[in-house]
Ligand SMILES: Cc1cc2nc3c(=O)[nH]c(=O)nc-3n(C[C@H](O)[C@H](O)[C@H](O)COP(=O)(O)OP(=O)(O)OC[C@H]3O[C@@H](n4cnc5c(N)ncnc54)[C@H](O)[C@@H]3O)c2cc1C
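Presented below, as structure tokens, is a lone chain in the form predicted alone.
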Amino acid sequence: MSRVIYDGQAIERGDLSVLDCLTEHGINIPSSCHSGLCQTCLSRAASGSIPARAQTGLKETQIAQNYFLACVCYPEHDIEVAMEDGVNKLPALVSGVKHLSADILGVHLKPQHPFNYRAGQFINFFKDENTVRSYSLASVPELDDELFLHVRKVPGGQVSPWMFEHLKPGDQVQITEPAGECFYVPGKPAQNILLVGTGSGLAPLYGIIRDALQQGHTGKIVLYHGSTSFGGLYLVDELRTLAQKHENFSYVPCISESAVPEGYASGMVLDVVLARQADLSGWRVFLCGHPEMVKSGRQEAFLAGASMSEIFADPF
């Protein structure tokens, strides 16, 4: 007889679903349809084998993080349900700070404990006990010894201006474990991938691209990065070098409101994308950056043929 383990308590499941088992013992798990459709009862397993039915309809990124639908989960063996409440702060050392552009600061962090993550996920960075902001990871575990953040300076912000002015190598800071679904999942190496970003939305995309390439992805990988001006683009040389090394990767920098030098596309990044990528059937799509761009991009990508389950968005 399998058991459901939660907060150190092992409960005999009987013939109940994980949801009903926990609910019967006073553990409140949000739920609605009880048929695996609404995904309200989405939970995560800290350990144990998850039945395939309990992950039907979930994105590959959710499956990779052991998420499952508790209402239709009937495991044959013990399963431990992760507690998601609370914040686990982890110490990290600032190992490097570099201006990537006038408004983007590159921050290198070295966690002081083992730190497992996927390129493109995000962490929370604490300025103090009560002030925290989320930043995506541009680093790749297999390629980089440290975490790499792109921090955009927000005028009047409580965290980014302080980081620009005061953060320095040697500082001890606190971060959280990684979260988010915006990362590369292997298994479809020939699938075409479209990545669209604005501003510091390049951070997760930069990590995802390098991760996919180092894992041997063979399908097209196309990055469009947009800014209103030439000065808002960064890592241009690094991305062009990457494109020269990998025939299946191409990079299109876009400028919308100022003079456009040779080698750059003119126009809003989404307009450029739609003019060049009219059919996205079968493509995997990543959208990162300004919330309005991400919202419009999700709709346009779907209308262009991309499956909603293959569209991954990270607005900020």
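It should be emphasised that the depicted structure is a prediction, and the values quoted were computed from it without experimental measurement. Quick note: we count residues from 1 along the sequence shown, nothing fancier.
Keep in mind that the form predicted together with the ligand is not shown, yet the notes after this line are about it.
- With the partner left out here, the ligand still marks one of 44 to 52, 269 to 277, 31 to 39, 246 to 254 in the model of the complex; by a 4.5 Å heavy atom cut-off that stretch is 31 to 39.
- Residue-level contacts in the model of the complex: of R133, K188, K110, K89, one residue has a heavy atom within 4.5 Å of the ligand, and it is R133.
- Scanning S229, Q215, Q158, Q174 against the ligand in the model of the complex with a 4.5 Å heavy atom cut-off leaves one residue, Q158.
- Looking at Y117, you'd find every heavy atom of it more than 4.5 angstroms from the ligand in the model of the complex.
- In the model of the complex, no heavy atom of E310 sits within 4.5 Å of the ligand.
- Proximity of V154 to the ligand in the model of the complex: non-hydrogen atoms within 4.5 Å are present.
- Within this chain, H150 lines the site of the ligand in the model of the complex, having a heavy atom no more than 4.5 Å away.
- Within 4.5 Å of the ligand in the model of the complex, a heavy atom is found for not a single one of Q65, Y67 and V81.
- Annotation for 284 to 312: no interface residues with the ligand in the model of the complex [heavy atom within 4.5 Å].
- Put simply, Q299 and Q39 spread apart in the model of the complex: their C-alpha atoms are 3 Å or more farther than in the form shown.
- Put simply, Q39 and S307 spread apart in the model of the complex: their C-alpha atoms are 3 Å or more farther than in the form shown.
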